[in-house]
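Next comes just one chain, in structure tokens: the form predicted on its own.
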């Protein structure tokens, strides 16, 4: 049995609940207690909250709900066709799909239990502990090319909120251009990467990370964050959340391809976390202050700027939004 298989088997034993001694785990796998300890340490480096008690053994600090492609397909509407691939630990779900982009069909999905090189916008790291969140990427082809992607991240944000509200999550809002907030703190991020296809169409890989139940001792995230588990006392089924998200994405992408951003604009404006607020928009080294006036029909951010010469509305197609002073 390979090291990967041993770690997977140890994890499945721990998922069953309770304490598991190193000796018992070693006997089941045919390895030493020292080897078990090494594998447990490797699992901990993936973000799994495993603790040990002398005389008792190892125990997961929370209930772990693994993803299953079979469960996902059973939960989804039969009309939502498209391959769903569930992987264990990979570098990045976006990178994985981009590596085989030429052979993908619309709506194909990759999910992973953990990412070792998860990415956010502008080269940031997306911290991706094992089994703690959704790390999901979907492929969609746009026949008219890159110009068809205008407003896509906003539409995916709306779809994410719609899917989470459907399973009972409340207090959701959106931050332009790609963040989902829960009770005023970041819950999820969207990363869209596009590549030119041989037929001059555009292939978009749409990645999302949604915090479900992050480890209590996580330290690597460098900004305020929250997860769904912090706002509910009910058990969380990641397969159900993933099924709702995948179904919502496939629905809105079909409509977005045909009609663009306009059908989703009013819903996005309704969810705008900073609607009417004084914000700062940073582009490179420049920071511009103004009043957030929402988005235009292309998805550009509208910022009302006042100075000695009067008031103007400036449009931004990229940049980072923060409240004034941050």
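Computed from a predicted structure; not experimentally measured. Numbering follows the first chain given and starts at 1.
Below: the form predicted together with ligand BTN, not depicted.
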Practice prompt. Answer with yes or no whether residue 119 is in contact with ligand BTN in the predicted bound form, where contact means some heavy atom within 4.5 Å.
Written response: yes
Fill in: is_contact(residue 186, ligand BTN) in the predicted bound form, heavy atom dist at most 4.5 Å
yes
Worksheet item: So in the predicted bound form, does any heavy atom of residue 93 sit within 4.5 Å of ligand BTN?
Response: yes
Discussion item. In the predicted bound form, does residue 242 come within 4.5 Å of ligand BTN, counting heavy atoms only?
Written reply: no
Worksheet item: Check 115, 136 and 191: does every one of them have a heavy atom within 4.5 Å of ligand BTN in the predicted bound form?
Response: yes
Item to complete: Note which of 209, 247, 107, 203 lies within 4.5 Å of ligand BTN in the predicted bound form, where distance is taken over heavy atoms; exactly one does.
Response: 209
Worksheet, complete the sentence: With a 4.5 Å heavy atom cut-off to ligand BTN in the predicted bound form, the contacting stretch among 165-173, 98-106, 145-153, 85-93 is 85-93
Discussion item. Just to make sure I understand: among 154-179, which residues lie within 4.5 Å of ligand BTN in the predicted bound form, judging by heavy atoms?
Written reply: 179
